[in-house]
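Okay, so here's just one chain, in structure tokens, the form predicted on its own.
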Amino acid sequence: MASDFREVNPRRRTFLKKAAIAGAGTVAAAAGINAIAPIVMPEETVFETNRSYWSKALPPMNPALEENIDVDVAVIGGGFTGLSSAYYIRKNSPNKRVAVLEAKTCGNGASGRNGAMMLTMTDDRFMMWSGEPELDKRIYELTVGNIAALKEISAGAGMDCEIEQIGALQVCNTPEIAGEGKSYIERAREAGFPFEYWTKEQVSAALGTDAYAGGLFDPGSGQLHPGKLVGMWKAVAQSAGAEIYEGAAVVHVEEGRVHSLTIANGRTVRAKSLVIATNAYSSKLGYLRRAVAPVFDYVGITPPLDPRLIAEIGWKSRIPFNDSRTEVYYLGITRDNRIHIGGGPVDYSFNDGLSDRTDSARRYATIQRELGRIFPKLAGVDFETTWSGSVDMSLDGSPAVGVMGRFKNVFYGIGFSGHGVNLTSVFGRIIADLETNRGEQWNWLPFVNRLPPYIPNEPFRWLGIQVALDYYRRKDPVTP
């Protein structure tokens, strides 16, 4: 049955569910420890410098904030969510003063470190039968339409973000998963989705590898250059009138009808509305700790490859793809023939740690071996650059956007779980509409004004995630 595809092919979207199972009973028996953990074990605030390949294209850094200011809206975080929120808020309300406060440089976090895939839908519904096909179609159309909006905005700004809406392929690691995937596609097409099932031969012809038993193709997805997209959002947000301050880490928030934000250099920002656009970093300010856990993901990219080698590999379609494992691998190819691969085994650092891990070399070696397995002709090719970044994973793989706080003036977008390149700016639009009391049009979307299932505090969080990772590593398909 097509619905069984959820169990055969869980992918990363469900890996944290075991954390809830592992932690729930323990938390119930030790609620006191769970409650005081954030107090006795405060999280360390670290902003490691982005060293990804994409970071080379990030825009020049703006000056820090050097005076106290009063604004209508303060946005904490200069990534896709924060910059798009600032842009759309100014479009909705040109007279509002909007300030973006970024701790390092715009794009320093996940927005400038991801795998460049531009996927439709949300992680919990992509290539999954949810039982709500009409709702899923609306979400699909919304996210496909957002890619069109990205292309329109970038063209209007005269900025090439290398957006290529050429589709994306989810490849199947085993014949069993391929069979379930084929059943799913048949059911999805009956419901009106444009997805296609590709045989092993079709996948091989498109990607140049015989490593997979089949594939599920989404023509609405694609790829882009994340660093250039950060540059676009920064440029259009500033053109719309938003102020952007970099090197402006917010170290304290005092909520109220008018919020008071303290910057690391001692300056103060007073704001009527606050947008939390910090994703994996949100808990460092005391927000949304219960909603997501930051998980380290790893990426490597080759130098530009000789066109003759690309021809020998046979990746004729240049379509980005990801596999069907829980700890998913994903690959893409740039315009100048660099092949990048990310994913595989992930890591969680105790107490939501975000410092660069000292054991990352073994993860880069793993993804390099996987690249050679997929494309044997690349087995001896070294990575030019490697990097890691934190993904904000929710228990159910479902994102959340909305408003919270005593005075209903704190807005957030969280839990993108690997679909953030596209979905963040959808949420930027929603945040802008909620902030300007135009949110009714989004009431149909199940992610609005919700929070993901509760994730316990330490030590139960770390224990549960380790149980989850161990469970799925045992369950994932073993490669030859």
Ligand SMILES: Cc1cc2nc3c(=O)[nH]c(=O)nc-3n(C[C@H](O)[C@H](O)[C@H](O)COP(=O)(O)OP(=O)(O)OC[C@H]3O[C@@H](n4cnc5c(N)ncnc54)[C@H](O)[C@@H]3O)c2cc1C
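Not measured: the values here are computed from a predicted model. One-based numbering along the sequence shown.
Here the subject shifts to the form predicted in complex with the named molecule, a form of this protein not shown in this document.
- Contact annotation: Trp442 falls outside 4.5 Å of the named molecule in the predicted bound form, judged by heavy atom distances.
- Using a 4.5 Å cutoff between non-hydrogen atoms, Gly420 counts as a contact of the named molecule in the predicted bound form.
- Proximity of Gly389 to the named molecule in the predicted bound form: non-hydrogen atoms within 4.5 Å are present.
- The shortest heavy atom separation between Ser324 and the named molecule in the predicted bound form exceeds 4.5 Å.
- In summary, among the residues Gly79, Pro399, Gly227, Gly332, the only one with a non-hydrogen atom within 4.5 Å of the named molecule in the predicted bound form is Gly79.
- Residue-level contacts in the predicted bound form: of Pro294, Gly220, Gly181, Gly115, one residue has a heavy atom within 4.5 Å of the named molecule, and it is Gly115.
- Contact annotation for the candidate site: Tyr348, Leu395 and Pro456 all lie away from the named molecule in the predicted bound form (no heavy atom within 4.5 Å).
- Only one of 367 to 375, 70 to 78, 153 to 161, 208 to 216 places residue heavy atoms within 4.5 angstroms of the named molecule in the predicted bound form, namely 70 to 78.
- Of the residues in 268 to 303, those that come within 4.5 Å of the named molecule in the predicted bound form through at least one heavy atom are, in sequence order, Ala277, Thr278, Asn279, Tyr281, Leu285, Asp297, Val299.
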